[in-house]
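Subsequent text provides structure tokens for two forms of one protein chain, presented individually as structure 1 and structure 2.
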Structure 1
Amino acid sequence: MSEVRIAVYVCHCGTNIADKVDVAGVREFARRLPGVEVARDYQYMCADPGQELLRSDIRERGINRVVVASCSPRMHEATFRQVLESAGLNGYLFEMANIREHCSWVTEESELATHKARALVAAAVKRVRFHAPLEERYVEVNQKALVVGGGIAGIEAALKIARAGKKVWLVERGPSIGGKMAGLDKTFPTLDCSACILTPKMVEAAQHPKITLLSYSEVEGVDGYVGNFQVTVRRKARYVREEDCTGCGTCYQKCPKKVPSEFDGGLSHRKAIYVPFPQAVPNVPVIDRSNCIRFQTGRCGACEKFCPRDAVDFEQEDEFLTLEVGAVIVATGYETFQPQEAPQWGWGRYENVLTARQLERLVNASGPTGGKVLLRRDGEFTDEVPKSVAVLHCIGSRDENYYPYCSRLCCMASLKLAHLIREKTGAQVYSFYIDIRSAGKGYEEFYTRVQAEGIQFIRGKGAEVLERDGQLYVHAEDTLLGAYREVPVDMVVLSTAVTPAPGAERVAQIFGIQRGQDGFFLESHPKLEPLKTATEGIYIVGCCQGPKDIPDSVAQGAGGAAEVLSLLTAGRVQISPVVAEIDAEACSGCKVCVPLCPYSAIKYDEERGACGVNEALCKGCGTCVASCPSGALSCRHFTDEQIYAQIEEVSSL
């Protein structure tokens, strides 16, 4: 190794580090370390002047190794690597010491923080001596994309990508695209008809020449890496041939078996062969095997008999496809809190306690009551209109017993429902709320309007719903009145929390997406990278990333498309050179490493009698390296030498 000339920069990060750590002291300490040529401290190393300091030292002082003691490498390692490159030095001759997130921000006493900073800097300085220049590698980016999830966010993303001329697959696990929005009646605050604004987009997505819609399909596995993913998709058997079906509906008219409709929240029935709603895209039914008489007993088969196009096929099987794409957008949406877990609000106990989702179906003209708000008696809808209705906000949200977060969209949805109920029935509507969150465009104005319509707002969360002498009562503390109230009502609507979609955990594992504390998918950075994930090339948009309303979902869908298009149009992507390598001389061919690699990147070469690493497949995790008994395997940029150097310093200082 030629002479090592190290420059060390101790960043103040304004007061973030300098308040706790004696930066000047650490600088002086660094100056005295072996190999250190230059030691400086500066306010903001990541800013232009800081970067310029770096560049000029490299050029003028012959610096060939750089240590920056500042924030987390997850923050600015890439930034500084580029600075080195721009000054003509390989970006990998660089190391960061995390004296902010891991030191100044978490330590109470200055002295201890400073001492720890010294240890971390010493470790970085010793390590960087052993760094070697590494060349970035590039891979081609496949020009096709995949969007998983056919709700409004996924549809928007697919459309934007397709309009740019790129091929995109849209995979949706339900029988139709449209997501939750397809079940809404009117959307806040404009009271636009949801189906009216959604269906044109659904149709466009289905018909666009660049979009291939795979409905009733699920992603089973993902292989590969950014720019080069291989995605296995299972096309579930509908038992109806999509290409032959005209959507005439004869089959479900003839089907004798009725099943509670999931789409209508159990308030109506669908058949065993069904389309989830009339405007379904594709307008092709599926057979629900577990409820189909033919599948369960061998009898019936009415749908097959009556289908004018002979499109019913009981022998149909699941099909598997492998899609090759350059990028993936995950838009798998959300679910709402299951109120049967919380019987104190009466859902499941009293038949006129409904969820907001169920109410949406009631007020919808294509719903179980043709758009009328009606009471139920003994499981059937009567033609009785409620004279009083309570809408309970925050059921399951902002609650340490269920979900601690605010679900963001339900205050507006509750106001909308209150308005619609009042408009349709003239009933006295009570809104039991904690706070009204109406932050979007036109939202506060809508709230004001609803107040003026005579809806009574009670500032106190509905604590319980109980029936007495056949009458429902909502129990709550009215905090503005300072009194406990039991308000008699005919019907209760529960605005339930927005939760991660069922199966989110499995989706996350398939795509290598992390999840936050709340179970929603985790973005790379909460402020600056809301759509990226820990896996490059995989993006998250819409409610799967966190509860949000339609405008925000659409914006994120478009944003995800922008991410994908920027990747695709760049044509190639940089791959990290941090990979494993094998010293064939030292390799004894024991093959212990081969089965350890999750990417099958190691192969044994009979001729050479040694193993070799396929750098295109290797991700640089280092699991194989740790297993090698002869030390033939090493990981670039995480060599034993480099790590030992760090260990020596942090263990002794």
Structure 2
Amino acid sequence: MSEVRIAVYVCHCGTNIADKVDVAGVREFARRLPGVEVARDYQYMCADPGQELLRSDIRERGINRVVVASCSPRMHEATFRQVLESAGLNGYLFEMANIREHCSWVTEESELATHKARALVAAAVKRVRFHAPLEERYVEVNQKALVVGGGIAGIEAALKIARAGKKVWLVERGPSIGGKMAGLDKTFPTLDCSACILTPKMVEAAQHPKITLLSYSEVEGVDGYVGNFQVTVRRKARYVREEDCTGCGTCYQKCPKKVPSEFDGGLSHRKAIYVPFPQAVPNVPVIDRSNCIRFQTGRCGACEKFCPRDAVDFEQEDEFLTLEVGAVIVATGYETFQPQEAPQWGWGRYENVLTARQLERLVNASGPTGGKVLLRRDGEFTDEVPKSVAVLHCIGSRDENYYPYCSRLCCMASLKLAHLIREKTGAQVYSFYIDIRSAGKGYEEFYTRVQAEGIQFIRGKGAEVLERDGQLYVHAEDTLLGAYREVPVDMVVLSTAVTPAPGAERVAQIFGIQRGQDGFFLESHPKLEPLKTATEGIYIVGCCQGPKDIPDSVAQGAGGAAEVLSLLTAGRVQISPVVAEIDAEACSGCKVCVPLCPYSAIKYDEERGACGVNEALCKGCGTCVASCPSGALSCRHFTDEQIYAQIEEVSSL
């Protein structure tokens, strides 16, 4: 090994570090460590002057190893590696000591924080002596993209990518794209028609020459790596040939079987062959095999008999496609809290207790009542209009018994529904809330407007809904009056929590996406990389990442498209050299590492009788290295020599 000349830089990070750590003391301590030629402290090492200081020392003092003691490597390790490269030094001859998150932010006593900072710096100096130059690698990027989920976020992402001239596959597991937005009547705060602004985008997505729409389809598996993914998609049998169907509707008009409509929240019925809503794209029916008389008994077949284009095909089977793409956007949306899990609110027991989504269908012109808000009796809608309605906020949200987080869009959705109920019925509307959260452009103004319309706001969460003699009663503690209230109403609307979509766990496993404690997909960094995931080349947008309204979902869809286009137009992608490697002679072929690899980067080679690593897939996590019983596996940049040196030094002080 050539002579090691180490430079150590201790960052103040304003007062983030210097407020607790004696920075000057750590600098002087570092100056006395073996191999250290330069030791400095500076206010902000990540700023341009700090970076220039580092470059100058490398060029003028012959520095060939660098240690920066500052914040998390996740924040600025890449920054400092680039600085080394710009000064002519390999970026991997660098080590970062985290004395902010690991010292100053978590240690109250200055003396203890300083002692720990010295230990971490000493460990970094000892470790960096054993660093070796590593070379970045590049792979070519496939110029096609995949968007999974056909809600407004996924549609926006697909359109943005397609308009840039790139090929896109848009996969939607339902019979039509449109997502939850397709079921809305008006959108807050402008009260413009949801279908009027969504339908043109749906049609454009279906007709764009660069977009291939795969509705009623699901992703079954993903192989490959950033820039070169192989995605297996299962196109479920519709039992209707899309290329022959004209959408005339004869088939479902003739179908004798009725079942509750999911799209209308069970408030109406659909046929066993159906399109979910009038503006569906594609406007091609699908046969619900579980309810179809033909599939259950072998009889009927009315849809096939009356179809003027002979488009019905009971022999149709699922089709499997393999798509090769360079990047993937996951926009699988959300679900809402099922209030049958909470009987205290009366949903499922009292027929005039509805969810917000059900009321959205009542006020919609294409809904079961043609846009009228009507009461139900014995399972049927009457002509009776409610004279009083309670809208209960935060049902399942901000509740430690269910979901502790705020669902963000519920307050504004509740205000919108209160306005629509008042507008359509003239009823007295009571809004039971914890806090009104109206943080958005025009949101607070809309809240003020609704207040002026005569909606009665009661600051207290609706705790219970009971029915006596056909009358509903909402029980709540009014925290402004300091009194318990029982309010009689004709109808109750529950604004339920936004929850992860069904199957989110399976989607996470397929795409290698992590999930947070709330079950939503976890981004790489909540502030700096809100769309990236732990799997490079796979991005998350919309409500699969967390609750958000339509404007934020559209913005994230466009942001995800920008991430994908940045990757595709570059033409190639950089692959980290920090990967596992196998000594084939030492490998016993036990295959213990194969199922443990979270990135499926290790395969067993029958001819060699040993395992091998696909370096493009490997992320250098070290799981395989720790599990190898024969010690044949190692990880570049995290060798035993480097790790032991670090451990020995940090534990000796």
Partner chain sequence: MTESFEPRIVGFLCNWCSYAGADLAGVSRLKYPANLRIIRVMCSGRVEPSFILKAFRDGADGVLVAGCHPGDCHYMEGNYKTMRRWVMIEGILEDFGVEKGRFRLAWVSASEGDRFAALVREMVEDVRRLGPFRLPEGTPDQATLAVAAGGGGSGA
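Numbers given to residues start at 1 and step along the sequence of structure 1. Think of the rigid core as the biggest set of C-alphas that the two forms share within 1.5 Å after superposition. What you see is a predicted model; the values in this text were computed from it and never measured.
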- Between structures 1 and 2, the form predicted in complex with its partner chain is number 1
- By the 2 angstroms cut-off, has the C-alpha of Cys611 moved between the two structures once the rigid core is superposed? yes
- Message: For Gly589, does the CA position differ by 2 Å or more between the two structures when the superposition is done on the rigid core?
- Response: yes
- Tell me, please, whether between the two structures the C-alpha of Pro209 is shifted by 2 Å or more, with the rigid core used for superposition. no
